[in-house]
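Consider the single chain below, provided in structure tokens and representing the form predicted alone.
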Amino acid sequence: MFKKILLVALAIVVLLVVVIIVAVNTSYDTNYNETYAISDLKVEADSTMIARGKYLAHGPAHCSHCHAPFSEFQKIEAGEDVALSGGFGLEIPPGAFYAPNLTSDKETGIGNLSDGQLYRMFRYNINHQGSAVFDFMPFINMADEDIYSIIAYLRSLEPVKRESRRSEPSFLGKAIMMSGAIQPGKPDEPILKSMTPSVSKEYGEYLAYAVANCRGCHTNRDMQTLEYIGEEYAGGLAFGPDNLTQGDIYVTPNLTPHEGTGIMATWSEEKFIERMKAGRVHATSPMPWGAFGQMSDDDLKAIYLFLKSLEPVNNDVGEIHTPAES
């Protein structure tokens, strides 16, 4: 009798597992095409706009850090222009994610996508198929004019036929999506139409928050859902050990001006700019040093002013770099 009850219970458990697996694999992907309709935007580009887009893409927005083949990494670090033909991959518990080809090739790039589709991706993290994607492109609060400029620059790129691997969420990633944790981006209101560059705390905040994504790495996050769980800009987010860091572990430093735990609390403006221009110290660091080294002195001064204006947060993150065990 006991064996029969046990078998029935086991059968029920197996059935539940099968139902859950089927439900997750068939119901995880919500389509947002109706609620977030594609606009009929047509970016009217000029040389100034294209130049601005190029500066953002290869500098503060560091598009080349993900949307270029890994084989071009040394060129990126040296500040050379490289084709944004995709190739960078990231394998984390929610899945394997690969940066797509951003050149104008119609088969493997963005040549068949409209400006409205590209804008929706920047502003709301919704791809051309209508799915909300994981927040790897944190540009939802970028000013319209800067998004238009990047679109104009991407349109100017020569087509490169290079097929990127398709991103695939794992079962965990699908379960996270099914739970509703991955939603379309909700930009701050009102949406910025433009942001005039200046050496000011306000413009520095814009760069750090909406363009360069200092907040995204220098704030601790739950790497399962990418939800922010720490004090902003106070560091503590761990990267590695994985294939990208070659077994090393990196923890982002505290950027607030706390005298005891803030890495740049005693830095002068000159030292901050010098460090940002100096490039990487650790070969496998996830920091996009090559791109940030291309930023103008004025933009770096603005970021410095903003970081110095933050409330000091006492957050000792420990060792910033732990080499792989040999």
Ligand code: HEC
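Just count from 1 along the sequence shown to find any residue number. Because the structure is predicted, anything quoted here is derived from the model rather than measured.
Below: the form predicted together with this ligand, not depicted.
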**Q.** 4.5 Å heavy atom contact, residue 239 and this ligand in the predicted complex
**A.** yes
Q: Check whether residue 286 has any heavy atom within 4.5 Å of a heavy atom of this ligand in the predicted complex, and answer yes or no.
A: yes
Q.
Residue-level contact is defined here as any heavy atom of the residue lying within 4.5 Å of this ligand in the predicted complex; does residue 302 satisfy this criterion?
A. no
Q: Flag residue 214 as yes or no: does it have a non-hydrogen atom within 4.5 angstroms of any non-hydrogen atom of this ligand in the predicted complex?
A: yes
Q. So, 203, 228 and 234: all three within 4.5 Å of this ligand in the predicted complex by heavy atoms, or not?
A. no
Q | Position in contact with this ligand when the complex is considered in the predicted complex, options 50, 38, 43, 66, heavy atoms within 4.5 Å | A | 66
**Q.** 143, 137, 175, 82 - the one with a heavy atom within 4.5 Å of this ligand in the predicted complex
**A.** 137
Q) Going by this ligand in the predicted complex, which residues of 113-134 come within 4.5 Å of it through any heavy atom? A) 113, 118, 121, 122, 127, 128, 133
